Each structure stands twice: as C-alpha cells, then as structure tokens.
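So this first bit is one chain, no partners, the form predicted alone, shown in structure tokens.
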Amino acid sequence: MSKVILITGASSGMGLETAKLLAQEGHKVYAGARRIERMESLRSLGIIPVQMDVTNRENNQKIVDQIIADAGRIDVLINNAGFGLYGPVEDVPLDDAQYQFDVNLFGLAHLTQIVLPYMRQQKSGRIINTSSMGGKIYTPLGAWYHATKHALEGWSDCLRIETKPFNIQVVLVEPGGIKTEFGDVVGKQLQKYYDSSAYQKQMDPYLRMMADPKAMDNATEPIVLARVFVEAVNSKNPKRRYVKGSMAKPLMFIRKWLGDGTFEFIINRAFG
C-alpha cells in the first residue's frame, strides 16, 4: 500500500538514498532539506523536494500544511536531519551547543508535534527517528553530539508509549560509521578550535583520521542504511530499534555488557 512520507535531511547520504528507494516502491515521498538545489534531480523519480530548515518553526508548519493540502495525510515522518558538533566541552561556545540541540532534538520535536494531530485523526502513523550508535556510547570531543542522541533515545521511547493507543508507532534507527559528509564536518570543526585549545592531543587522532584517504574504507555505504529505513517503513510490526553500520553492534555490546571501564579502555587506546 502506497504511503505519504516526509523525510528530512534528504539532500545527501542516508536520507537521499532512502527517499529514492521509497519512491521506487511507489510511495509518495516529500524530501526535505535546506539545500533544495541538490534534490532537483529527484523530481524525475516522482519525489517532491521541499526546502526545510527544521529549526524554523514557521517553515515546518508551512511544509506540513502543504503536504496535507496536497495529499490529505502523512503516514510516515522520518526525522533524519541532523549533524555532529565536535570539540572539547571547554572550547565549544554554548550558542553552538544550543544550535546542535535545536537541529538534532528540538527541531525534530517541533515537526513531530505538528504531524501528530493528523496521525491521531487518521488513527495510524509511524515516526522514524535517526539516532546513532552515539546515542548508546560516547567518545572524546563529541559531548554535545552524544548528548543530543542520548536525549533522542529517551524522548523517542517516551513518545512510543504515549502514542501507542492511537496506533502510532515510533522507531529508532541507530547507524554506525557511514560514508557521509559527517567526517568532513567534524574535521573542520576541530580545526576551528585547535590552535588555542588545551586538548590538541585528543584532537590529533581525529585529524589524522580525517586526513587519511583510506579512513572511510570500512565505513558502511548509505544505501545499506536506506534499506533499513525502508524496512522500518514497510514492516507491519517494526522493531523499536534498528542497529546497522560499521562498528555499531560491537561498540554498543562492549558498553552495555562489559561496562564503562572496558569501554573507556578501548576508547582511550583508540584516541589516546
């Protein structure tokens, strides 16, 4: 059965590939992103690009209104927009940290709030949130990014229970290392703080990795995660969590079952 789907963060990586696969299956897909010019080619696939900045509440409302006017319903919301803010806690300005939360949590939350009444009215819906293995583990210099993903995990679990009586399902996708622009963004952020930072020793392993052309060889292709999102959309009884991608399962296993001491020993060896 064809579904009406809104996916954010659809101009590249997992979001882009997911939008393509869903459209190929016959779903009506609205692909949202700030960089709408990067999605114009999607029109030939039947995808409708919409310019979205999830931190702009008026923009969110406008897009939801547009979809309801056009399609009459929203069956699936895929909250995929996000980015990773990396840098030492001591160095990262709190305004930047606030923006990290605005994109990764509060923007997502607002969009969800304005979609939920329509899902309740139609007595069905599915909300799929892109978390990360970073919502279950932690690494140096990623405090603000990990904080948003840890928060998203708890927020999504609470939402799942609240919306169950209305036949609305909430799913988390927890990617591992994926071949995306994530690493380039992290490297540029660390360079911004590097010269004046007391934490250069912890930044150096990241920067060496970003400079290594083979660093992403073992990362997972976005299309692999796109298939996970498609499963989460189509499954009659989706899992609460889907874990996929390089190093996700082993690192999450170590943290959960072997404890923080063992996990931090491994992290310190990798980034020390």
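This one's a predicted model, so the numbers in the text were calculated from it and none came from an experiment. Residue indices: 1-based, along the sequence shown.
The same protein also has a form predicted in complex with a small molecule, omitted here; what follows describes it.
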_For a quick test of understanding: in the predicted complex, does each of V4, Q169 and P238 have a heavy atom within 4.5 Å of the small molecule?_
no
Assert contact residue (the small molecule, in the predicted complex, non-hydrogen atom within 4.5 Å, options A97, L159, V103, I137) equals V103
Checking R227, R57, R35, R43 against the small molecule in the predicted complex, the residue with a non-hydrogen atom inside 4.5 angstroms turns out to be R35
Would M14 show up as a contact with the small molecule in the predicted complex if we use heavy atoms at 4.5 Å? yes
Would you please decide whether G82 lies within 4.5 angstroms of the small molecule in the predicted complex, comparing each non-hydrogen atom pair?
-> yes
Verify the contact flag for A147: yes if a non-hydrogen atom of it lies within 4.5 Å of a non-hydrogen atom of the small molecule in the predicted complex, no if not.
no
With the partner left out here, check for me: in the predicted complex, does some heavy atom of A10 sit within 4.5 Å of the small molecule? yes
Given 87-95, 161-169, 192-200, 124-132, the stretch touching the small molecule in the predicted complex at heavy atoms within 4.5 Å is 124-132
